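The chain that follows stands alone, in the form predicted on its own, written as structure tokens.
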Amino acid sequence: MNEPLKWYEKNGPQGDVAVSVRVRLARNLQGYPFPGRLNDAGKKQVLEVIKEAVLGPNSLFAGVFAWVPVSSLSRTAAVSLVERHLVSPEFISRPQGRALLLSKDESIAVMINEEDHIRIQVLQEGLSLKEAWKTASRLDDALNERLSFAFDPRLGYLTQSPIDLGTGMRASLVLHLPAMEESGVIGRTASNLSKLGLSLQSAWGEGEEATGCLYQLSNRVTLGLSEEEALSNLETIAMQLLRQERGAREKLMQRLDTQDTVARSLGILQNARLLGQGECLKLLSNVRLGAACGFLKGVSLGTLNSLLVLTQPATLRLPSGQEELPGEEQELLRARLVRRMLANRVEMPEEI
């Protein structure tokens, strides 16, 4: 039986710019202290209560989720979860008393005993905010019937961090913004968005310039807005950024030096024997730009999206089960994977 495609292996609506979306809900159980104040016995009890509700007899979720105790994972497997955006780095840093519920296509990940008792995360390809929210909301309602979440009529859902009070919802998008980065407007745009309660920051890498030109747009306000209002605001701003990026791309791709960079990047990816992580992400970003603009033919954006994830260090090592690989061996493995996935798929433009 074939495994279902993962969310990062697909290309969704507005996928030329919008790589993926995530909707996250923070929830806590009535009658239990927040995880930060739970001892080991308390965390174990929370785990048992949630596991019984989700995977016990007559559960609506039978066969939907795998139960993954974090303490059972190798270091490579745990870090790979972070690279695939399924858990936070903090979640794997202290594995005892924590577990993950994970759907087969990895579009739903539920962290248990992170900052809150439950962190529901729904990830989808493209600009699919409303669809991701519907999935998260249905799961939230079903879990609440079995578990009873801590809620205050005035403050909303109670969370360990006051920042998450209210809806307890955070929504974000990963956007590919090479043209806006090239034009130098990212910093100013991020500053303007912060005044609207939104954040634009590197999705991978540090600082204003993101590795692979990938940026995360997210809401920072959860109190005083309904989930629908927050999502509508986020999607409106996202569409503005998409239009700005597309306009900048049209000009950028008319330049001979840009066309040359895209074509050279494709040639390197199809022929390289060694690829470092940073170099690989930059080259994939260039090729993704060319493919999204129609300059390169024959490769799906879904293939390029999956390579952004599968070439990350721990995820790259995961199939072999090796905890460590010398630098050159890892670069060899990465280059081999990229060559295989791009072999005989991309057509190089006849004229540049």
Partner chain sequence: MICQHCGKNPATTRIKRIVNGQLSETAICSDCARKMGYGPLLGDWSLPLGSLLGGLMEEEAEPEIRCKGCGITFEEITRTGRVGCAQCYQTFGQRLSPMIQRIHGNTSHRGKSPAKAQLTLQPQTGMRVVPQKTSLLEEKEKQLRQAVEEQNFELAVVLRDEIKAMKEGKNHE
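Positions refer to the first chain, counted from 1. What you are looking at is a predicted structure, and each value in this text was computed from that prediction instead of being measured.
One more form of this protein, predicted together with its partner chain, exists but is not displayed; see below.
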>> I need to confirm a contact call. Of 193, 92, 241, 263, which residue comes within 4.5 Å of its partner chain in the model of the complex, counting heavy atoms only?
In response: 92
> Just one of 236, 96, 72, 226 has a heavy atom within 4.5 Å of its partner chain in the model of the complex. Which one?
Replying inline: 226
> Just one stretch in 249 to 257, 177 to 185, 266 to 274, 152 to 160 has heavy atoms within 4.5 Å of its partner chain in the model of the complex, so which one is it?
Replying inline: 152 to 160
>> Using a 4.5 angstroms cut-off on non-hydrogen atoms, would residue 293 count as touching its partner chain in the model of the complex?
In response: no
> Can any non-hydrogen atom of residue 232 be found within 4.5 angstroms of its partner chain in the model of the complex?
Replying inline: no
> Do residue 216 and its partner chain come within 4.5 Å of each other in the model of the complex, heavy atoms counted?
Replying inline: yes
>> Test of understanding: in the model of the complex, would residue 67 fall inside 4.5 Å of its partner chain by heavy atoms?
In response: no
> Taking its partner chain in the model of the complex, which residues of 241 to 263 have any heavy atom within 4.5 Å of it?
Replying inline: none
